[in-house]
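Below you'll find only one chain, the form predicted on its own, shown as structure tokens.
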């Protein structure tokens, strides 16, 4: 191949810039030119008024001073139209018109679905896992996960201090969609007493009992880590709970939030409980050294595969070693939590 393209799509993740940098510089070092597409698959569809808003030729200078920056300088956006075959074919036509012979797609499962659609049309693609959720089962770690974890830990440490001062329980909501990896790792790293994740059923009653027991043991503060998708694995009869306690009568059961769950825990445990949602703070910030190194390794690896005319693959890391497998298999999400870490959290709490 003489020319390849690169894009970042879906939610941003710290380390995406480092991955783009690696793709660009490895390509140039291997005698290939690179086109950077802006706003994910939208850039390939070329719908902007100005060409520069859709794509640009990349040079070594284009990626200078980028490895330490969070977000993605190519920008990112979702592209719902790309689910349709008409737009997928248009994208392939546009890529070939530009002389782009292969494409590196950096993102999560949605990005990989778009890449797989291009692969089904016979176009060479490589997927690089860039998502803080760490929800792709084929790789031990995704770009951005380590940074998001460290950000969450820093926030929880601060929340622990104020919780200790006020002798209260704090429930901290972290991101991760349907994967509890951020929650589990944060809980263990911060010494949390409890963790609630979407992969394991739980009840408000059990959590309230653990809070009461912690207070009886003399704990001044209790930290509970709540994965944003954990409400989907909640099995309590919330209607019955809200009907029993006057303080919960105004809670709407149509859309349960972590703040409402905290109110229920407080009502059942009799102990002051507050909720904090970390939100998009976990996506921002300078990537950790681990994420920069992972992104650099995967970016260069993707280029080497395309140079060898190997495509239709997703790259990742298993046991510290670089791996590549069919991209359609890489879209499978994690379905089982890390039982060893969950047991350790309980043992050490």
Ligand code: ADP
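Numbering follows the first chain given and starts at 1. These figures come from a predicted structure and were not determined experimentally.
Keep in mind that the form predicted together with the named molecule is missing from the display, and what follows is about it.
| Out of 89-97, 256-264, 71-79, 137-145, where are the residues with a heavy atom within 4.5 Å of the named molecule in the predicted complex? | Every other range fails; the passing one is 71-79.
| query | Even though the named molecule is not shown here, does residue 119 get within 4.5 Å of it in the predicted complex, heavy atoms only? | reply | Residue 119: no contact with the named molecule in the predicted complex.
| query | Should residue 111 be classed as touching the named molecule in the predicted complex when contacts are defined as heavy atoms within 4.5 Å? | reply | Although the named molecule is absent here, residue 111 would touch it in the predicted complex, with heavy atoms inside 4.5 Å.
| query | Is there any non-hydrogen atom of residue 37 lying within 4.5 Å of the named molecule in the predicted complex? | reply | No, residue 37 is distant from the partner.
| field | 4.5 Å heavy atom contact, residue 102 and the named molecule in the predicted complex | value | No.
| Contact check for 160, 191 and 226 against the named molecule in the predicted complex, heavy atom at 4.5 Å | Checking in the predicted complex: none of 160, 191 and 226 is within 4.5 Å of the named molecule.
| Candidate from 274, 271, 83, 200 lying within 4.5 Å of the named molecule in the predicted complex - any heavy atom | Result of the distance check: 83.
| request: Taking only heavy atoms into account, state which residues of 165-192 are within 4.5 Å of the named molecule in the predicted complex, ordered by sequence. | output: Heavy-atom contacts within 4.5 Å come from 177 alone.
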